[in-house]
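Coming up are structure 1 and structure 2: the same protein chain in two forms, each one given alone as structure tokens.
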Structure 1
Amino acid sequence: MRTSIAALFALGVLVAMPLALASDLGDVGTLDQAAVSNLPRFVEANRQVVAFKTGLDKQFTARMKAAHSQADQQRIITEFRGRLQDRQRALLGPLFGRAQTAIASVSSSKNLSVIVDKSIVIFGGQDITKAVIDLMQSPGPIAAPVSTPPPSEIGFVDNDQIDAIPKLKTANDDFLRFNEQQKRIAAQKMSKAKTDAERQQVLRDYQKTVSDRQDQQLKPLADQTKSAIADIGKKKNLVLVIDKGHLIYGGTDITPDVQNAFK
């Protein structure tokens, strides 16, 4: 009996060990997105987008001159913006796809559970930039990994979606309107200010007005949001939560939970 307990204990240790290793945050990868976007393929695609935009600008100006009404102008603007964005997506979309496959492939081969932008990691993590670049530059298609990344202790939220929560959006829009209005007033005052001291005073007044409003209107909501995110993170056994904009691959999405918390 004692032997079997010891054997079970040993087995337990053996089984638990890979889990312990997996939870070791050596499984956080980082990627220098700027380095990837400087790859010749991206540079060339961006050059093509710029060239396309230059040509489009000329057509746009000519069409706007010939427009007879405001409605015509709006139609032209929408049309040209759509054309530019479609082109951008057509040129850059496949490259993003290839980059993502390369990232997923490297991540899988290195047993990483999450890849984040290098700019938010100040220490540690495995930098996979070179491996990804090498893979991206290799000829032929890149094979996608057969398994999805393991669950990660790093959570993420889509701040755009959080900002769109009605309560937060209303407050934010209201604040932006207030800020624009104060900016216009300050700019008018600034144009009348004759000395540097007067200009500094205008700036200080403007900053204080906006900052007071921010503290009064937005800070309580920001604190509430942060607290809700932290609580959800704890419930889901996450260590910390980052913005989706900094996430490159993997991670645990808690955006829907945060949205629900505000319902």
Structure 2
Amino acid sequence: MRTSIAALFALGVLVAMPLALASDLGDVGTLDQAAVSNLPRFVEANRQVVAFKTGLDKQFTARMKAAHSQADQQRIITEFRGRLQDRQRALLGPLFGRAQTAIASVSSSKNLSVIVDKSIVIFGGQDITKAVIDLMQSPGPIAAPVSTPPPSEIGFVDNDQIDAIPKLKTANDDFLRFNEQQKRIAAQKMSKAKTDAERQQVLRDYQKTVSDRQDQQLKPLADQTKSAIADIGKKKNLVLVIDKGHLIYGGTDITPDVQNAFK
């Protein structure tokens, strides 16, 4: 489970800025990414990645056993991670590129300025999943659209970059350290507990201590972040701000504006 400032405010942003408004926007499309990822080409590429990783894991284990120092182990980890990533890029990169081109092409033909993951939409939006799949399965290369997506009333933030804001990262790192400390204390108490009731009490005490610290240390920053996003969204006349992870195409990036709000 992700514990971060961004994770704490993410759900609140989706609720605070009504997602249903997307149904009133004719330029918003939706895409079922799961359906696209289940296309035979993607399934086969992923199968090859898994097979490659299985063989790589055996080599990795043998190399790690022969490592003479922590530095050697780190070099091996870096090497094998790079080899896996290179294989993933080789197998999946062209498919992702074709998918992105298909999405851009369909969006342009339908005058859509933004495409979001269908899983976050309760109602509304124009589903382009079938059109994208048909285009991806067509023979030959896919022609990229000439124009870029027009300005959108849908904004997005990159939660990874939000978490990296110094003030937020310091608070989150401190909370994670506190959580680990409380886990160790709870584990010690648990080992001395003699009954199920005592063990349940240790667990409740740990959960309350961590929850109280989260409310005290992270929630105010999450509220501040949510407020900053809402203010920026209003100034830019956005009707909705979502996590970048749910955005597939287009949209207005307000991440830099949020970062500047904390300077």
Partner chain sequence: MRSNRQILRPTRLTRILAVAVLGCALGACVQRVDVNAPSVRGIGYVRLDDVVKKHPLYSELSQIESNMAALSLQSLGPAVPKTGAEISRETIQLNRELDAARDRANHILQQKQVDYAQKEQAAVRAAIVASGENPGAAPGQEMQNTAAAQVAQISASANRDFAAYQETLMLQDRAATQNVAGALEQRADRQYHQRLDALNARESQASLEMVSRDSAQRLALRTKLNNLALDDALRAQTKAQLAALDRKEADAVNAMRAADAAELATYQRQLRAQTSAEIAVQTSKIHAQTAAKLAQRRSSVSSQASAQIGGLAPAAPASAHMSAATQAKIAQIDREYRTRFKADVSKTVADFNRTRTDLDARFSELRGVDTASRGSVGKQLGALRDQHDKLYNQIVAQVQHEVQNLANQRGLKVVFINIVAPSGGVDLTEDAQKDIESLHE
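Predicted model only: the values in this text are computed from it and were never measured. So that the term is clear: the rigid core is the largest set of C-alpha atoms that superpose within 1.5 Å between two forms. Here, residue number means position along structure 1's sequence, counting from 1.
Have a look at both and say which one is the form predicted on its own. Looking at both copies of the chain, structure 2 is the one that matches the description.
Quick one: once the rigid core is lined up, does Lys130 have its C-alpha move by 2 Å or more between structure 1 and structure 2? False for Lys130: its C-alpha shift is below 2 Å.
Would you say whether Leu203 is displaced between structure 1 and structure 2, judging by a C-alpha shift of 2 Å or more on the superposed rigid core? The answer is yes; the displacement is at least 2 Å.
Cα of Lys183: shift between structure 1 and structure 2 in Å, core-fitted? Here Lys183 registers a C-alpha shift of 2.7 Å.
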